[in-house]
Ligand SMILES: Nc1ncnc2c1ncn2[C@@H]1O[C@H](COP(=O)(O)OP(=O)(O)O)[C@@H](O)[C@H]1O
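As a starting point, one isolated chain is supplied in structure tokens, in the form predicted alone.
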């Protein structure tokens, strides 16, 4: 498989995990996704209106096997966000999370554009 295809599959896995989490924890509320691109970066924002993440848990959400204290009624193992974070970082991107209890969570992914990466070679 060409390297470009593998990179796309990795990013697809990372984004699928973000969207899957948003749907799972949305409490049957809508989940929205916004996309934007500039000459230097691509921005993806996924936002839900679900259970939110307790503030004291936010620093640990990218730690393997960590699950927020309010997720006991949901299935999971705490490996999705750490994997997603690693994939985004491997692609020289950044991921940030903001959340409010019982109001929802927003995840923002910023990835460099391929044109920018090609300019570095």
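Keep in mind the model is a prediction, meaning the values are calculated, not measured. Residue numbers count along the first chain shown, from 1.
Omitted here: the form predicted together with this ligand. The next part is about that form.
Using a 4.5 angstroms cut-off on non-hydrogen atoms, would residue 42 count as touching this ligand in the model of the complex?
Answer no; every heavy atom of residue 42 is more than 4.5 Å from this ligand in the model of the complex.
With a 4.5 Å heavy atom cut-off, would you call residue 93 a contact of this ligand in the model of the complex?
The answer is no: residue 93 has no heavy atom within 4.5 Å of this ligand.
Non-hydrogen atom contact residue 109 with this ligand in the model of the complex at 4.5 angstroms:
Answer no; every heavy atom of residue 109 is more than 4.5 Å from this ligand in the model of the complex.
Indicate whether this ligand has at least one heavy atom within 4.5 Å of a heavy atom of residue 22 in the model of the complex.
Contact check for residue 22: yes, within 4.5 Å of this ligand in the model of the complex.
Counting only non-hydrogen atoms and a 4.5 Å cut-off, give the residues of 73-111 close to this ligand in the model of the complex.
Stretch hits, in order: 76, 77, 78, 79, 80, 81, 82, 105.
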